[in-house]
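Presented as structure tokens, the chain that follows is alone, the form predicted alone.
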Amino acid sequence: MKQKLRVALIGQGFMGRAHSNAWRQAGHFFDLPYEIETQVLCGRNAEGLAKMASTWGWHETSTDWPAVVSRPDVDLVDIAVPNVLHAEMAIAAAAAGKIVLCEKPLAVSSEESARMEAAVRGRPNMVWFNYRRVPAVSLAKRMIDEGRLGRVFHYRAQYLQEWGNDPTRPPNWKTSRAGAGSGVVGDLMTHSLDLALWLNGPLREVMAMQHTFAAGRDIDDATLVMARFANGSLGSFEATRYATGCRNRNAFEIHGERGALGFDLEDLTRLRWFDATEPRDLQAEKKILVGAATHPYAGNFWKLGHVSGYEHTFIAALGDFLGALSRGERFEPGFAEGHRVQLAVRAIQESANLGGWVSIE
């Protein structure tokens, strides 16, 4: 008989739904080592909680998160709330002896993320940097580790959305420093930074500028970064909510001596590949349709040409985490990786304020 894992989810918004779906669906795609019990859903809107719990199969609801994280019938706490609440909830859950999962960005400052990382040290933990689990991105990681690119020269990343330019969209917690801690650098660029650190290694220093387009707003609407990596490559990062025509363009390009890779979330089943080792008159960029039997997660999701989607990235992240948990292995990305991203964010913000290069710890 499988061991039961009793879960509490704090958060009932967009990410709360994405996480709820992962908890419901992970066992359909992965041979989970646990029997999952979706014990309690916690949020601030009691009426909305009841409806969401009924839709997604949560047994109970609560509006009292401190009580939830201390419940003896909860083994794991999953946090999907506004950024400024992450640290308090995660540290409390860790102090109560729980397994802790947290949405990105891990915190609103590197000081907070350091305390969070210390609180969960020695205890299973995870940050929902779900884009590592896009099969095409995982394939890119495999090809890099196999040496297909050789020495890397350039790493370029973009995360472009357009909703900041929508005058009919009301303000929310993401457009306020009080709720988010920062603008696109914390919301979008943290995803780009996590992928860059995973695919291309540590960052050494950055130079950044930030801009706010909306009058009266106290966060960055756009951030541009130049970077130097520890491996000697040069990098650039761009994040904005004012890229008209871009719905959710999370993209990167990596150029190396032996080849180049490219990915765009708006075409998430394809990985662009240029093999510079082929005869020069035969060289051309290829678009690999990811999903073949030898590709990452091919045994979990659909056959080649039957595309997986955004929700599967959360399912795969959870399936991998639960597998690592059962084996007693450390999972990545965890709070240590989340803290590493926050150190990069701090350097970017300092650079934008100072107007020069800033080293990353």
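Residue indices: 1-based, along the sequence shown. Since the structure is predicted, the reported quantities are computational estimates derived from the model, not experimental observations.
Separately, the form predicted together with a small molecule exists; it is not shown, and the next lines address it.
- Between the options 165, 248, 236, 212, the residue in contact with the small molecule in the predicted complex by a heavy atom within 4.5 angstroms is 248.
- Stretch-level contact analysis of 279 to 287, 187 to 195, 106 to 114, 150 to 158 against the small molecule in the predicted complex, using heavy atoms and a 4.5 Å limit, identifies 187 to 195.
- Although the partner is absent here, residue 15 lies within 4.5 Å of the small molecule in the predicted complex, judged by heavy atoms.
- In the predicted complex, at least one heavy atom of residue 174 sits within 4.5 Å of a heavy atom of the small molecule.
- Contact check for residue 131: a heavy atom falls within 4.5 Å of the small molecule in the predicted complex.
- The shortest heavy atom separation between residue 302 and the small molecule in the predicted complex exceeds 4.5 Å.
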